[in-house]
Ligand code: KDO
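Here you get one chain, nothing else, as structure tokens; it is the form predicted alone.
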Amino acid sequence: MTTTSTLRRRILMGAAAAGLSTGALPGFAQTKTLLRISTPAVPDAWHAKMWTVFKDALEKSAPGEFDVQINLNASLFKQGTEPAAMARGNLELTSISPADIAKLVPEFSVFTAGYVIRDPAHQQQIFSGPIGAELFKLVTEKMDVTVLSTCYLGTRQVNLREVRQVKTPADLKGVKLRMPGSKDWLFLGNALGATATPLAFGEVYLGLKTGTIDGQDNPLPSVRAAKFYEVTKQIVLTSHLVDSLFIAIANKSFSALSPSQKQKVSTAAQAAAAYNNDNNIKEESQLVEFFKKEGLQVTVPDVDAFRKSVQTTYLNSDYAKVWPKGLLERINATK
């Protein structure tokens, strides 16, 4: 015989089951989509701060849908290892450099060459236009990641531990110039006339302080953010590379999103890039005076001599052999 209390329990259990099957029972929230971000950027850098803009924009457009986890200082994955982590499914988002891409997409190495992109406006025109669309398609196919936006990392300058007269590449002979560890970066350092020396970004400050390296190259905002000005005495405005970063998401993660979510993630990435770009351009315009006040000598070399020497070095190398026919001319013609 069924008691009244037993019958009541059965009715309540049935109602609960029905609620679960329709997703109507309150308290059972939908699981958030995990978006892990790894970057070697230091906290004060704009390309670190931009990830907070990305996170905030996504929370505003898709409240409660995503769990965005930001990992700075290469604390999750070492610089350069992020694409492999994304391919393994251990990472969703990162910012990748042209040198990272060129490892698997050789055609992209044109953007690791000195004196190719003229300025930030030229950079955005290239990557938001047909040239960018063609090359990003290769990135998607060969690297299994989707590029969402282009970031202006800054125009790279030479930053030296000790003051020296630098007018032409010959004046950098024997200078141990820190470069990121890939062959593309090392080639650029050597093309500038220096002795390119690989060293992880996190070790550069100590390397400059102890004399393990004689100098490093980075955009001025990065020099300030990483406090390299504390352990160097000169900045040479070679302006040898208008540097880029690309916010990219693993294809597997991107394809798992709904069309609406894809649009929101893309829009958030574009907002993050715009924040980074605007602030980098503004800060760069102010930093020469800042470094002078910090006691550094800021000098301007014969940029035309550098440009001619560097471009000749690249055109006579194996790099130019893998650049699609006419690509350099198309880049030069982009206004």
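A quick note: this is a predicted structure, and the numbers were derived from the prediction, not measured. One rule holds for the numbers: they count along the sequence shown, beginning at 1.
There is also a form predicted together with the ligand; it is not shown, and the following applies to it.
Put simply, of F187, F201, F127, F77 only one has a heavy atom within 4.5 Å of the ligand in the model of the complex, and it is F201. L245 is the sole member of I117, A102, A194, L245 with a non-hydrogen atom lying within 4.5 angstroms of the ligand in the model of the complex. Contact annotation: A41 falls within 4.5 Å of the ligand in the model of the complex, judged by heavy atom distances. Within this chain, R156 lines the site of the ligand in the model of the complex, having a heavy atom no more than 4.5 Å away.
Among heavy atoms of P180, some come within 4.5 Å of the ligand in the model of the complex. Using a 4.5 Å cutoff between non-hydrogen atoms, N218 counts as a contact of the ligand in the model of the complex.
Heavy atoms within 4.5 Å of the ligand in the model of the complex belong, among the stretches 148-156, 107-115, 129-137, 162-170, to residues of 148-156. Of the residues in 97-122, only S97 comes within 4.5 Å of the ligand in the model of the complex through at least one heavy atom.
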